[in-house]
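Okay, here we've got a single chain as structure tokens, the form predicted on its own, with questions on binding and movement later.
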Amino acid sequence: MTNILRLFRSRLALRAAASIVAIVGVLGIAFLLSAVHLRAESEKKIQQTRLEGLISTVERTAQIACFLEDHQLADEVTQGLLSNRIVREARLIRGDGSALADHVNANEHSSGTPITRAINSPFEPGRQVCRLMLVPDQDWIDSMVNNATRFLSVALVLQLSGIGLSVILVVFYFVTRPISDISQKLHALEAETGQKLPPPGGHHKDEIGTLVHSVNAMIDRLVSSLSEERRQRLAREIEERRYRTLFDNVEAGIFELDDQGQLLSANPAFCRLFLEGRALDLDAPLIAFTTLASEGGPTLQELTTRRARRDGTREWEMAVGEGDRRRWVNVMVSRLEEGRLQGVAHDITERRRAAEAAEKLAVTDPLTGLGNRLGFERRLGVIDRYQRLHPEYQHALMMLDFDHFKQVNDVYGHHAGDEVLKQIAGMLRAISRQHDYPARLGGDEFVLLLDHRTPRDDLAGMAQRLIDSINQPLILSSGQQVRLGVSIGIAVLGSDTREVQALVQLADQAMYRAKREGRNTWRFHDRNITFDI
């Protein structure tokens, strides 16, 4: 049974034949039942008409027999009616109900519905003299009906069978066989070579031919697509080899991240920059990119938030490593596809160092190595912003002016004056702490910008130590000794003023006050003392 069902599902001709047989069978049964019913009714009417005709034939004779009360003639009439097989019983009944003649066939057939007709006088048409009653032979009538319907049934069955067989043959010849031929040829067809499918004979211009033309058009498109696919695959392979060559040999680090900021791939240059030359082990636990930076790198949120992934290229400058092995890397990260990020890293250590050197050179006094006026002004800007954020902290400024320095240049020359300035710079470095900022503003004008964690008493001690150091004889390269004095003015940001520019003026005023009050000493700004310089 399973094989029959499988065959039925796989064979169009079998399904079509079964469908046609089923349709013809259903329609045939409906038509046959209708035809048999109509034929039976028609045959019954024919027999009824025949009985009526028999009565009409003997009606005149029956009138005479009834009028004359002639038993012999009445018997002849009824026996003559019985000679017809359709009649089982014939009677002539007087008006009082007695039988003038009564004859019945000897067979045991069943009786049908009796037919009665009034027999009138032959001389007085309006006066009834007797009744003629015929009882039909129902079995014979049924046999006649059956014979008629049997013939009709056979004829209809033969006709429907012929129609069904003809339809099956037509469908097989014009539909299923061509489709089967097309299917077999398609199996053997080498479409990738451009081989075409020939249309079945006699079907060049009908739907089967159109189907074959459509298949051939599809083959053309397939061949074209395969050629284009081969071309694109070859081009992609070339591009992949080219990309792999660049990926492995380019100096820039190239890497990919997942949506959690973890490394998926990295080229050798990236491994040299971030992994100390170790190759990325894809079998080991994934490395979070944010853990590779020692300073300035992106946070996990900056890399992985949905908004950040939708943005364009993002860029960071980050430090990798510590101490002498510290490198600066410029990293650009962009979205590659959903759930993947692509980044490029460039080593900018030399550029960064060059920029830092240039920056340092721009804010450094070339003679003493201390900060210059530009560096001092920038440091004042930093302190100004810091003090606005933390007004409770106080920064101090020492303004230094050396007594009798002009005499050194006049007596020993400018070369000796430069040596003295260098030695003074060394003293300032020696007394300065990590966050203090000594600077030479020009000539013999020096300043010392002190960290906010310096109490007022410590400021006085530092100023006195600086004076004591400078008061010591300074030995020049020529062996000569030079003695100097220094006047120091001190102002405190936060207590004396909250403006950095005013801080410079107040320290300068305090320095001039120290000079006026004997030189070689230090003075704090005193808000109760005002004078013009």
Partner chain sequence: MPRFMHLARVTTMVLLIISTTTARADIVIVINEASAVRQISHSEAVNIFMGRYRRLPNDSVALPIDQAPLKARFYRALVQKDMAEINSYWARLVFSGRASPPQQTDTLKDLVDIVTHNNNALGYVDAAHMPPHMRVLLTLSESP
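Numbering follows the first chain given and starts at 1. In this text, all values refer to a predicted model and were calculated from it rather than measured experimentally.
There is another form of the same protein, the form predicted together with the partner chain; it is not shown, and what comes next is about it.
- Contact here is defined as any heavy atom lying within 4.5 Å of the partner chain in the predicted bound form, and by that definition each of Thr61, Cys66 and Glu124 is a contact residue.
- Residues of just one listed stretch (389 to 397, 116 to 124, 436 to 444, 80 to 88) have heavy atoms within 4.5 Å of the partner chain in the predicted bound form: 116 to 124.
- Although the partner is absent here, Val212 lies well away from the partner chain in the predicted bound form, with no heavy atom inside 4.5 Å.
- Within this chain, Leu341 is remote from the site of the partner chain in the predicted bound form, having no heavy atom within 4.5 Å.
- Although the partner is absent here, Ile93 is not a contact residue: none of its heavy atoms lies within 4.5 angstroms of the partner chain in the predicted bound form.
- Mapping the unseen interface onto this chain, Glu43 falls outside it, with no heavy atom inside 4.5 Å of the partner chain in the predicted bound form.
- The partner is absent here; in the predicted bound form, the one residue of Gln72, Ser166, Ser224, Ser265 having a heavy atom within 4.5 Å of the partner chain is Gln72.
- A heavy atom within 4.5 Å of the partner chain in the predicted bound form is found for one listed residue only; from Leu428, Val129, Ala269, Met462, this is Val129.
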